[in-house]
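Just the one chain here, the form predicted alone, laid out as structure tokens.
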Amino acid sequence: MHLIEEVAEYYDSLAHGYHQRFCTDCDNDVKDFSEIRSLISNLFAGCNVLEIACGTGYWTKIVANTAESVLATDVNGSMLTIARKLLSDYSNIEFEEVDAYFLESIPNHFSGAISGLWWCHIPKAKIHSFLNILHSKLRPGSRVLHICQLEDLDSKNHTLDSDGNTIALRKSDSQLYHILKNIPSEQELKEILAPAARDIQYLRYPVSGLWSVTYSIQ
């Protein structure tokens, strides 16, 4: 639990200025991000979408452009405050401060789900429980999309813990954080998802350094 809490604390420390520093740069890799935007827009057109770890709302906005509705969730109220302000013109977005591992308060009527740059922060021991509770909020046949990093460029500062988690050192506000950076291979992802998913499709975006996986809930 300490690693999970440290990830949350780290992103809370980054909230002020996060969107300008990180999200604005996302559109510089035009080809990769135009492909991802098209994937999101087509996948969730007309859907009621649950978003995990929405941050300041970069992916939320793309989803909301074609979705029927979006419930954007994050554990950090500081991030949600910024997202609400940036996306105040969207009447089809609601926000809720909730821990991704404890979604009991979330209804189970969604027809789509997305997480962006979140998978790498999940402890290996929590992956199945996270997916189980996420999938329980979706109708059969719902489409799911996860987007995350192909690699972490600061690998020289990585260590492995006793559970096989990759830990990266990050500094913010003069404080050092130990951040989960688990980056799965395509085969690992497919093995993890196979029991609950069908039509699994994995894509790589080498210019932007991202991967995506889409699937349907059985």
Ligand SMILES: C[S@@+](CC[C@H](N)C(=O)[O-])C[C@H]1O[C@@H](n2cnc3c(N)ncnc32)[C@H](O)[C@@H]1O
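The structure presented is a predicted model; accordingly, all values stated were derived computationally and were not measured. In this text, residue numbers run from 1 along the sequence as written.
Here the subject shifts to the form predicted in complex with the named molecule, a form of this protein not shown in this document.
Asks: Just one stretch in 157 to 165, 33 to 41, 188 to 196, 49 to 57 has heavy atoms within 4.5 Å of the named molecule in the predicted complex, so which one is it?
Replies: After filtering at 4.5 Å, what remains is 49 to 57.
Asks: Would 68, 93 and 110 all count as contacting the named molecule in the predicted complex, using a 4.5 Å heavy atom cut-off?
Replies: None of them does, since no heavy atom lies within 4.5 Å of the partner.
Asks: Consider residue 205 of the chain shown here, and say whether it contacts the named molecule in the predicted complex, taking contact as heavy atoms within 4.5 Å.
Replies: The answer is no: residue 205 has no heavy atom within 4.5 Å of the named molecule.
Asks: Give a yes/no on whether residue 79 approaches the named molecule to within 4.5 Å in the predicted complex, heavy atoms considered.
Replies: Yes - in the predicted complex, heavy atoms of residue 79 and the named molecule come within 4.5 Å of each other.
Asks: So in the predicted complex, does residue 104 come within 4.5 Å of the named molecule, heavy atom to heavy atom?
Replies: Residue 104: no, not in contact with the named molecule in the predicted complex.
Asks: Is there a non-hydrogen atom of residue 213 within 4.5 angstroms of a non-hydrogen atom of the named molecule in the predicted complex?
Replies: Residue-level check for residue 213: no, no contact with the named molecule.
Asks: Consider the chain as shown here, without its partner, and state which of 87, 133, 127, 75 has a heavy atom within 4.5 Å of the named molecule in the predicted complex.
Replies: Exactly one residue meets the criterion: 75.
Asks: For the stretch 116 to 131, I need every residue with any heavy atom inside 4.5 Å of the named molecule in the predicted complex, listed N to C.
Replies: 116, 117, 118, 121 sit within 4.5 Å of the partner.
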